[in-house]
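A single chain comes next, written as structure tokens; it is the form predicted on its own.
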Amino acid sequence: MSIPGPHDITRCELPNGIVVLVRENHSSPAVIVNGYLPVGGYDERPEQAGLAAFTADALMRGTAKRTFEQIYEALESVGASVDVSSGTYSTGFGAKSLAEDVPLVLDVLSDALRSPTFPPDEIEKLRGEILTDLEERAHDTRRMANLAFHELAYPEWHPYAHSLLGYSETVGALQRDDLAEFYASGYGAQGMVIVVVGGVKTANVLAQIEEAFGDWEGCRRARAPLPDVPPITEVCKGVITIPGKTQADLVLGYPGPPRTDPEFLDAMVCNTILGVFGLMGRLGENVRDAQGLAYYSYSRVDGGPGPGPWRIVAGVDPANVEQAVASMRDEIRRICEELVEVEELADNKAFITGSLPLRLETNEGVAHSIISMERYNLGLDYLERYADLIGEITAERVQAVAARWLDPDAYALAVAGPSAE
């Protein structure tokens, strides 16, 4: 297959600051439109936690041209979809349709992003849905362990310490005017990125995007980069008791490298060895299979614009919490102190490079990769260089990045389960 690159990705910037990237793929009738705007949870005050997510979810609930029902009637009549959701540093959007329906999809998306009306009755319905989800979260051991981990691993002033979804008390206090004000002060064309992949002609889709968004103005918020956080220097543990559960969920980890860190790919290879390759790497082999301490166990390094978490996650019998944590720490210590064997490193690197074509098999996967290349300034030839970049990573680099970011004796640990074990 042809790896997407400068030879078949067109990048242009509209006069109002919107960056558009297009890759034609006429072997598929479907078209993917993905992108983001630089506004998100980072821009809300702590007492308004959940405001960015609430606002993004409300955009499709009614616009200047269409009611909530009319939006979905228009999309469903042609089998298309459009959605908008908020993250910490940006608000993302996505759409999928047949090529002939791209003008309709862009019109609906433009309407939602540019002209939301925040109908009061729809806002209250949406609030009810969010509060219900928050109530469900309170009884979900996995979600509560993850929430508690972020509160332990990040200082209170850092945006990663707070829930993007918010909390019952903050969401309950938000008013329609809060959403409208947040929208007015943060949404606009500058910094917006749109990626289109599929059975389109580049010139045609650029003209369609120009028509839908070319006259949109608005400045993005002035904001500093996501701040760094100090390393964890001791064990920080939190226990969430959820009665009636039979499983405890654990999250052990650290603030990790941002995607822009020069060693991020080293960290990705290290993480693949630790808790991804095969049936979840060394963690799956030893913590789950050999010792039988976990129903599941894996690790994940998030990256992102800031110091996203590097986590080990496991679901265990509550009686095995301490033993499972000790085993997880053993694996952290091993990868920090011992060089990875040549064969194990080669297998993991082959897995990483071999899975790239699978990620690029769909238009969705290609669009996601192009967004990452643009967001993190990786260059349009990044995917063409990817195998060589992975191939250069040595056992020494894996050990060095593990020693830099991981520590078996100082970490954040969140446990959510039926008792305070």
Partner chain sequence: MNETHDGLIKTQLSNGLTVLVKEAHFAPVASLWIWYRVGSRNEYTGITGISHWVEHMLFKGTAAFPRGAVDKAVAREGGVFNGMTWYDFTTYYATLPADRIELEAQIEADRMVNACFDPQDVASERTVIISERQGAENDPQFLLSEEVLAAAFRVHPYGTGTIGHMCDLETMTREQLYAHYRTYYTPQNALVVAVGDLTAQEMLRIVDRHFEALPNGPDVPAVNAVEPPQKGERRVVLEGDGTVAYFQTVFRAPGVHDDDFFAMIALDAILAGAGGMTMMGGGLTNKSSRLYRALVTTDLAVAVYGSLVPTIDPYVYSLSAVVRPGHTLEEVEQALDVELARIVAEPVTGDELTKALKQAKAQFAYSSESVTGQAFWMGFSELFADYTWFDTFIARLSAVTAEDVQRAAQRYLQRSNQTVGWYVPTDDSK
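Residue numbers count along the first chain shown, from 1. These numbers were taken from a predicted model, which means no experiment stands behind them.
We do not show the form predicted in complex with its partner chain, though everything after this point is about it.
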**Study point:** Region of this chain that lies against its partner chain in the predicted bound form, out of 330 to 338, 98 to 106, 251 to 259, 231 to 239 [heavy atom, 4.5 Å]
**Key:** 98 to 106
Exercise for review: Tell me whether 12, 58 and 63, taken together, all sit within 4.5 Å of its partner chain in the predicted bound form, counting heavy atoms only.
Suggested key: no
Study note, to complete from the structure: Checked 391, 46, 357, 379 for heavy atoms within 4.5 Å of its partner chain in the predicted bound form; positive is 357
Practice item. Heavy atom within 4.5 Å of its partner chain in the predicted bound form: which of 136, 177, 217, 156 fits that? Just give me the one. Key: 136
Check your understanding: Does the 4.5 Å heavy atom contact test between residue 361 and its partner chain in the predicted bound form come out positive?
Key -> yes
Practice item. State yes or no: in the predicted bound form, is some non-hydrogen atom of residue 285 no more than 4.5 angstroms from a non-hydrogen atom of its partner chain? Key: yes
Practice item. Would you please decide whether residue 200 lies within 4.5 angstroms of its partner chain in the predicted bound form, comparing each non-hydrogen atom pair? Key: no
Exercise for review: Please check if residue 141 has a heavy atom lying within 4.5 Å of any heavy atom of its partner chain in the predicted bound form.
Suggested key: yes
Practice item. Residue by residue through 283 to 314, tell me which have a non-hydrogen atom within 4.5 angstroms of its partner chain in the predicted bound form. Key: 285, 288, 289, 290, 291, 292, 293, 294, 295
